[in-house]
Ligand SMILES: O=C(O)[C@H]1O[C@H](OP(=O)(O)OP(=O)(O)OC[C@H]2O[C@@H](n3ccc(=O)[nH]c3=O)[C@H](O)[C@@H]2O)[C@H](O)[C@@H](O)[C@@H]1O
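First comes one chain, alone, set out as structure tokens in the form predicted on its own.
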Amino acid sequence: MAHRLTVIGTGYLGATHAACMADLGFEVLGLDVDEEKVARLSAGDLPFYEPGLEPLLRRGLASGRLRFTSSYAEAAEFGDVHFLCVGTPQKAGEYAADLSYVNGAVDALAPLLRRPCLLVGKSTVPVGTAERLAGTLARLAPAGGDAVLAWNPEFLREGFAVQDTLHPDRIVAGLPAEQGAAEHAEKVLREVYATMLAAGVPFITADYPTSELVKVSANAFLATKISFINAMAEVCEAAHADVTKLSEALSYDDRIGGRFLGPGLGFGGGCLPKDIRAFMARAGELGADQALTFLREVDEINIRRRIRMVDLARQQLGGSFIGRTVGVLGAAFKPDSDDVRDSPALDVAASIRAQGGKVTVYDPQAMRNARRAQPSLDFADSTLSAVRGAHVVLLLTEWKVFREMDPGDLAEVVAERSILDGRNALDPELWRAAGWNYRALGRP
């Protein structure tokens, strides 16, 4: 009998997983306690921007294989494989992860599981969470030992979530210690992911804590690599060197590679910043805090890049933002996303606004979220509108439309031909040839 899947939590991770699994032919029921979100998804209206996802959502709905509900009872009755995809945000005023959504979802679902099933955690959680939730499941589920927990971390990149779900670079399965339960969980997961496995995707089995550590370790490594090259940018500025050439030279070393070695404004979003902080917090709880003290510097380097961009903009304007107009291109934390959580671009824009600058922001997709996050800023509906009358232009999110801007077009509307490239995304020679004062982080 084919497995029927439920996806608990239909935010970025859950909505993507539900639509993609329906596209693979599974019957899928998405569950969320947010009635408005359920209504929007049921109407084929994606609540966030992700390239290629909305057509999959609508195709799944039209086929009848994909539905959404707010009823835990309906989900428990519908599925035999339940994917846990709720958020784990950073606790207010702390580094630790807020597990209230994870705990609440398991507490609500477990008492309703009256037949054999597999609960599959995909949320990013502190190590040790799965073992605790397995105990909760065993205690609360009427099915008892027939309700088994596995942990299957997600590795989605915003902007590439459909590709990463349908064509992952690996599948990790954290399995229970009891051999029979572990064998059952692995068998079910191999059946669910059969299409990927047939294409040669590696399938890695591990215990609960190792599977939990895979995701946070990957994010910590990526954050470290980004902050490393941005630390080199600081040195390059002091030494009058070019960090982009340094990065290029390093990229040819097979031991290092060029991915995530792009110097600029640093990382943001809803994953890397909060995940490395939660990792540090959990290591402290385990008595291994010294092992991750370097992540504190990784975080601080990342924040310093934002401060440096504000300082550089102030220098370009003669030492003060008061009475000056700044055009900001970009609000999302990265291109091909509308996510403004911990966005370096919005952080810089808000800092300049707080120091007396008149700031106008434009982003191809993140305007609604940006307005909600920073209502004191001014917003424009196009690139040219955002930079009209600007004394300095800041490129802070490297959308393709910004990378391909014609410096001549912008020159006709700005007050001064001055641009700061926060992502090292533009061709300095092209802009300087057009009469622009071009500056970038980590370059002479």
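As the structure is a prediction and not an experimental result, all values here were calculated from the model. The first residue of the shown sequence is 1; numbering continues from there.
This protein has a second form, the form predicted together with this ligand, left out of what is shown; the following refers to that one.
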{"item": "Within 4.5 Å of this ligand in the model of the complex, all of H82, E186 and Y208 (non-hydrogen atom)", "value": "no"}
{"item": "Residue stretch of 320 to 328, 130 to 138, 257 to 265, 284 to 292 approaching this ligand in the model of the complex, non-hydrogen atom distance within 4.5 Å", "value": "257 to 265"}
{"item": "Candidate from R157, R314, R371, K91 lying within 4.5 Å of this ligand in the model of the complex - any heavy atom", "value": "R157"}
{"item": "Exercise: L222 in contact with this ligand in the model of the complex, heavy atom 4.5 Å", "value": "yes"}
{"item": "Distance check, I226 to this ligand in the model of the complex, heavy atom within 4.5 Å", "value": "yes"}
{"item": "Touches this ligand in the model of the complex: K215 (any heavy atom, 4.5 Å)", "value": "yes"}
{"item": "4.5 Å heavy atom contact, K334 and this ligand in the model of the complex", "value": "yes"}
{"item": "In the model of the complex, residues of 400 to 430 near this ligand [heavy atom within 4.5 Å]", "value": "R423"}
